[in-house]
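Just one chain follows, in the form predicted on its own, and it is written as structure tokens.
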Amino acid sequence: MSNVKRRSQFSSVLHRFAKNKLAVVGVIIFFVMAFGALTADIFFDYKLQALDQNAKDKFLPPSREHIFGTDHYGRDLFVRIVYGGRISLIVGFFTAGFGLIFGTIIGASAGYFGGKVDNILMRIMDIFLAIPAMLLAICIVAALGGGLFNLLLANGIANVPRYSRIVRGHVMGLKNSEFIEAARASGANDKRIIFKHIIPNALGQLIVQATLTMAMAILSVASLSFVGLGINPPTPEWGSMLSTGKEFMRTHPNQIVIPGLAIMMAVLSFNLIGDGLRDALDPRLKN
């Protein structure tokens, strides 16, 4: 019976999500971007088309051979955009996963045990929340240096407090509920109660927060790369492509318009998916 109920709840959420046309558009954009990032090596030669310089082909206009044209080094803009999407997706998923795992552990511990544990953990989170996420990421990258790993770590740490606050609120609201008392009476330990009975009730908000975190992470890595603290050239990354393309924005505007549109579409897709999930998971909007 419980499996049937879960399937029906999932089907109901999926149906409400599918009725949101903008959310479906967001899913389509995401899958196109993900497909390109995952299959890029099948269709393109990374070194030849995205890295190697070819001065005689610089600033070629869009054509059948070069869909978006070429940059100032003769590299294919379309291929570089596709490979740049791979970095953005990696950063987005890692940031959301890192924040979800550590934020859930911290928030659940603070909300369930309360007292000194809650005060210590939440005051630490308040310190992080007092610093804007972008500024915190800049400080971490500036201290550790650039590179993909440090970008992942910086964005992940910057997003832990948001998840911890969400989980803490749910835990505090549910820890004295009747079904939690019943679980205690049946002999369930604290770990089982937290991860088996309480956290699943917060999954809806955590999933929505994860999609929005991915959008913010893409903006963050692009911003850091734009100012020289993220992925450095010649590795294709949308922010660094914007940074180098700004020198040619008057004579060859496609050098900044194309990576700018890529960032905009990626962020838009995750925001649309997040809004759609929020509406679909809200029981007050079932009808």
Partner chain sequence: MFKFILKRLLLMIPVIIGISFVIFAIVSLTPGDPAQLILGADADPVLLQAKREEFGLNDNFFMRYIKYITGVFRGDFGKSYRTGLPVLGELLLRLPHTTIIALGGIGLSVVVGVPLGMISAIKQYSFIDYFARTLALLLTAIPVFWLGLLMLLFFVLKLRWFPATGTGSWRNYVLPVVALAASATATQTRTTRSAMLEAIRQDYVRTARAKGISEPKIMFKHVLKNSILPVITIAGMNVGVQMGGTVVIENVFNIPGMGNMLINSVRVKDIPMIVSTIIMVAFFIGVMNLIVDIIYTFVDPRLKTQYVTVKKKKDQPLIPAQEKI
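Positions refer to the first chain, counted from 1. All figures in this text were calculated on a predicted structure; none of them were measured in a lab.
What comes next is about the form predicted together with its partner chain, which does not appear here.
- No member of the trio 90, 192 and 199 reaches its partner chain in the predicted complex with any non-hydrogen atom inside 4.5 Å.
- When its partner chain is considered in the predicted complex, residue 234 lies well away from it, no heavy atom lying within 4.5 Å.
- At a distance threshold of 4.5 angstroms between non-hydrogen atoms, residue 185 is out of contact with its partner chain in the predicted complex.
- None of the heavy atoms of residue 55 is located within 4.5 Å of its partner chain in the predicted complex.
- Contact annotation: residue 73 falls outside 4.5 Å of its partner chain in the predicted complex, judged by heavy atom distances.
- In summary, the region of this chain contacting its partner chain in the predicted complex, judged by heavy atoms within 4.5 Å and restricted to 29-37, 44-52, 218-226, 61-69, corresponds to 218-226.
- For the partner-free chain shown, 127, 128, 130, 131, 132, 134, 135, 136, 138, 139, 140 of 117-140 come within 4.5 angstroms of its partner chain in the predicted complex, judged by any non-hydrogen atom.
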